[in-house]
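Encoded as structure tokens, the following chain is the form predicted on its own, with no partner shown.
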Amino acid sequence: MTTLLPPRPPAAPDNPAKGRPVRAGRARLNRPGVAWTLPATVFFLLFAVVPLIAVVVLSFMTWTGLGDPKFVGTENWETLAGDSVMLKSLWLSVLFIVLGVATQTPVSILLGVWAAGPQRNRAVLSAIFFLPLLLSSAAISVLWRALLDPNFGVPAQLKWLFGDGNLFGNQSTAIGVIIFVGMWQFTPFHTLIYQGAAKSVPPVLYQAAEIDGAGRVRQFFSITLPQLRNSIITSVILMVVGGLTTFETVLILTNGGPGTDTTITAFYMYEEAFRRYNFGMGSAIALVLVVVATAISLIMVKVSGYDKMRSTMEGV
């Protein structure tokens, strides 16, 4: 018995438009042209590169905001190198970063993994928890300043718990308040990052773990955390940059006090430039802040191997 097979269709040409194959060296991808990047490039140059160059130039000058700037060479930098307040502010900035990462990361991961699950009323509770993301840092700082006021706030009514009620009167409690307020404000943002990352973990991994007898705790440490590695690195870098640029929270809650015990680098830059009208010194402090933030971010990227990650999928 003979079986008739349908005729094989002719092979489609590599270039349907001209009916002939296209050479590999001349193949082109349909990518947007350079003109598409022009608006973003112009915006970046006007609002990032040009101001940065102006700050570099101003750091070698003295200027009070009135009249013409006067060139003073490296005088601002020499003064800054021997400034004890500047060194203390850098140490405090690093302390704020360490405490912020240590408090926000575990809580954000746990809440993000929970929010990615199928629990009942999860969506409603997540929406309520994310409300701080809708408020500005200034509004949140004013709110907590009123709540923690030593005369009329909660500590004044619960002196058996808070002592004299003045949480802003010594360095340790003042730093604790700033860290707590920052945690309350930014934990929902990082939770959102981990929630999206946890949802992208393949369910087959958990199914295989259940077959092998792994419980939820073992699944979290053996599957979830390794799959969140990229997101953890991204979140920590954002925390580092955010910690170095924190300003309004310190301004409203403690005003850098008591004394200079909560004067971080960003706040010290504001004091020099806009309270003492020493814009040259303020520009030098700003440059130090930019260099430190960039260096820490690059070191974290290099050490973590984030620059070698090619896939955009978690765990791949």
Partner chain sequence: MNKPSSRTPVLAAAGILALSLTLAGCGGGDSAASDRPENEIHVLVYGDASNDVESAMVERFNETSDVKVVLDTIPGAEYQQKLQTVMSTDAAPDIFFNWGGGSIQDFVDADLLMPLDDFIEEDPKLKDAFLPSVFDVATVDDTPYGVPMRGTQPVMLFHNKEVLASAGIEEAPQTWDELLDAVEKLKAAGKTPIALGGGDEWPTQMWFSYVYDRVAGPELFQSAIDGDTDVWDSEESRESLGMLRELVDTGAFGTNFQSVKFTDGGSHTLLSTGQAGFELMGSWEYSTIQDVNPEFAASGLGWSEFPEIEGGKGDPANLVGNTNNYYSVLKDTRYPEAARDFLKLMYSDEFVQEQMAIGNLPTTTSTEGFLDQATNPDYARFQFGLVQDAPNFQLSWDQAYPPAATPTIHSAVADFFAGSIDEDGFIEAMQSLKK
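The model shown is predicted, which means the values in this text are computed figures rather than measured ones. Residue numbers count along the first chain shown, from 1. The term rigid core refers to the maximal set of C-alpha atoms that superpose within 1.5 Å between the two forms.
Although not depicted, the form predicted in complex with the partner chain is the subject of the following passage.
Residues placing heavy atoms within 4.5 Å of the partner chain in the predicted complex fall in a single listed stretch, namely 168-176, out of 226-234, 187-195, 168-176, 93-101. Proximity to the partner chain in the predicted complex, defined as a heavy atom within 4.5 Å, holds among I252, V55, L289, M61 only for I252. When contacts are judged by a 4.5 Å heavy atom cut-off, E271 counts as touching the partner chain in the predicted complex. Residue contact with the partner chain in the predicted complex: F152 places a heavy atom within 4.5 Å of it. The partner chain is not shown here, and in the predicted complex it never comes within 4.5 Å of any heavy atom of A40.
Shown alone here, P258 lies within 4.5 Å of the partner chain in the predicted complex, counting heavy atoms only. For the partner-free chain shown, T64, G65, L66, G67 of 48-75 come within 4.5 angstroms of the partner chain in the predicted complex, judged by any non-hydrogen atom.
Superposition of the core reveals a Cα shift of 2 Å or more for P39 between the shown form and the other one.
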